[in-house]
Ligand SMILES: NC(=O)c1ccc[n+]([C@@H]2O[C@H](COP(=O)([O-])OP(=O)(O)OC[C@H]3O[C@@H](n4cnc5c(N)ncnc54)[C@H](OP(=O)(O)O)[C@@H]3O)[C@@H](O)[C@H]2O)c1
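Encoded as structure tokens, the following chain is the form predicted on its own, with no partner shown.
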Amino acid sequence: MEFTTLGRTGLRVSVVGMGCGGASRLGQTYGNSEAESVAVVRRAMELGINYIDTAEAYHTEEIVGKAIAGVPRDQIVLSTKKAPYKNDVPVSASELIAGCEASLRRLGIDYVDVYHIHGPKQDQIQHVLDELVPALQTLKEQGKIRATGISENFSTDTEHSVLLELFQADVWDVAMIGYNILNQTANRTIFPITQARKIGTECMFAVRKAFSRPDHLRAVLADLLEKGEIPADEIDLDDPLGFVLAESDARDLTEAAYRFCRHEPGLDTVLMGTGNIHHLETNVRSLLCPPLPAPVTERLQRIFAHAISASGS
């Protein structure tokens, strides 16, 4: 495993992060038993992953808690989250603090390394800044969290507009950012800010179904072509992104997509999620591969330089 420093937090984290949400939620979505999901997290730690990300909304905190039981606390970096609204009602500062304390109980720990506000929407920005940021500072002062985090709602905000507004206040230690081959907008708008402020960065959406389902990728690319976001002379819909595999040693597009994000200078750790140990091992192997050949990376950057509407899902 390779490690890096998570921005200004000073935390040393694995470049591969174990995501416990997404479509799979450690396989809970697809029928995994609790024991099977616990085994996935434990195997991730055996492979050297020390960054584990969960959330109240994922309903996997207790699974993570069971997986890390007995592991020295200083050997893992834990991230969790709470949404700023519940059932369209704003979460108060006291509710955020109580939510953090509940997460700590479910995880079986005394403090969480990174505590995120989870995916705020446009009309929730002021509430986050006025009500919830002071609560995060209180949690920090109490020693219940080490770093303040913000995650974005990338599926509905593919141009990072909410994150950009929240960045007007320099109160974030860590940011969870949507980024992949099909949408590199963060490279132009978000990473200059995070790098200047030394905000730690976690990559989500590195791989979504567009990279594992050719028909879906074809549909996404056709939509981008119709919107004029990618050049028609660079895309062959009969062989979507076929040049990536033809001109590199990547075994498939999923591996290529992970490698593209892993070696993006603006990102510290790339999150991947699964409920299957073999899938986990394959993803880790992909993320520890060298960069794609420079001509392939440069072509992907050129093709998607103006793509703004796809998330990869």
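Not measured: the values here are computed from a predicted model. We number the residues from 1 along the sequence you see.
Missing here is the form predicted in complex with the named molecule; even so, the following discussion is about that form.
- Here the marked residues N50, I68 and R262 all miss the named molecule in the predicted complex; none has a heavy atom within 4.5 angstroms.
- Residue contact check for F191: none of its heavy atoms lie within 4.5 Å of the named molecule in the predicted complex.
- Taking the partner from elsewhere, A186 is found to have every heavy atom lying beyond 4.5 Å of the named molecule in the predicted complex.
- The named molecule is not shown here, and in the predicted complex it never comes within 4.5 Å of any heavy atom of L182.
- The named molecule in the predicted complex comes within 4.5 Å of a heavy atom belonging to A23.
- Proximity to the named molecule in the predicted complex, taken as heavy atoms within 4.5 Å, picks out 202-210 from the listed stretches 106-114, 221-229, 202-210, 167-175.
- Using a 4.5 Å cut-off on any heavy atom, the residues of 259-277 that reach the named molecule in the predicted complex are, in sequence order, L271, M272, G273, T274, G275, N276.
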